[in-house]
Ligand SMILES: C[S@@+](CC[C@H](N)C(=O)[O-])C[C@H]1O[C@@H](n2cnc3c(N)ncnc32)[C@H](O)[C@@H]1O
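In structure tokens, the next block holds one chain alone, the form predicted alone.
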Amino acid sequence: MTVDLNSRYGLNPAHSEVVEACKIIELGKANEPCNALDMGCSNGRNALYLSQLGFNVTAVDNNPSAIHMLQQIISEENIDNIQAQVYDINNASLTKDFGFIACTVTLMFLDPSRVNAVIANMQERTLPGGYNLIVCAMSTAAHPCPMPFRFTFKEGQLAEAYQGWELVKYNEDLGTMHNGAQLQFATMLARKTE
């Protein structure tokens, strides 16, 4: 049985889409854990969840305080399958390959001119048969985004960026932020075809 480290350290539970994606993603051949990347990990709510499922997790964020907090949890709990590091996602300079890249509610805080490069870098660094999970706010004619995010997707824009991948899950549904604001989200779990 896993310990709920998130509640122990006052963190929100793992993002519901990360939890759902993990029900689909196989850990790998012979059930060996694959390498996962948590992009924009903040204090580590998703990274801790993934590590407890057996993934080898790289957790990155450009906020040194958030990374420091996650590193303290890793140290206190003697977790050996999370590497937390400060990384500016805008650089789009990942150098390792991953079986699963989770990027939930992160793209909307990036430099809009860098989002295409970030997505291309994620795709390039995903192993054949691996997965990308993206959840990001949208701004559409029917539902203009009420929040001042730096970047939002337009209708169909995320699906278009993943042409050639298997879209395991894709929707552009209305959702509610934890502050109560209602907005449209693009939610995608895509598998890189061999």
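The first residue of the shown sequence is 1; numbering continues from there. These figures come from a predicted structure and were not determined experimentally.
There is also a form predicted together with the ligand; it is not shown, and the following applies to it.
**Student:** Using heavy atoms and a 4.5 Å cut-off, decide whether T126, N132 and Y170 all contact the ligand in the model of the complex.
**Tutor:** No: none of T126, N132 and Y170 comes within 4.5 Å of the ligand in the model of the complex.
**Student:** Contact between L48 and the ligand in the model of the complex at 4.5 Å, heavy atoms?
**Tutor:** Close contact is absent here: in the model of the complex, L48 is far from the ligand, nothing within 4.5 Å, heavy atoms only.
**Student:** May I ask you to check whether I82 falls inside a 4.5 Å heavy atom distance of the ligand in the model of the complex?
**Tutor:** It does not: once the ligand is placed as it appears in the model of the complex, I82 has no heavy atom within 4.5 Å of it.
**Student:** Check whether N56 has any heavy atom within 4.5 Å of a heavy atom of the ligand in the model of the complex, and answer yes or no.
**Tutor:** Residue-level check for N56: no, no contact with the ligand.
**Student:** Using a 4.5 angstroms cut-off on non-hydrogen atoms, would I73 count as touching the ligand in the model of the complex?
**Tutor:** No.
**Student:** Which of these residues, S139, Q157, Q52, N63, gets a heavy atom within 4.5 Å of the ligand in the model of the complex?
**Tutor:** In short, N63.
**Student:** Scan 112-135 and write down, in order along the chain, each residue with a heavy atom lying within 4.5 Å of the ligand in the model of the complex.
**Tutor:** Counting only heavy atoms within 4.5 Å of the ligand in the model of the complex, no residue of 112-135 makes contact.
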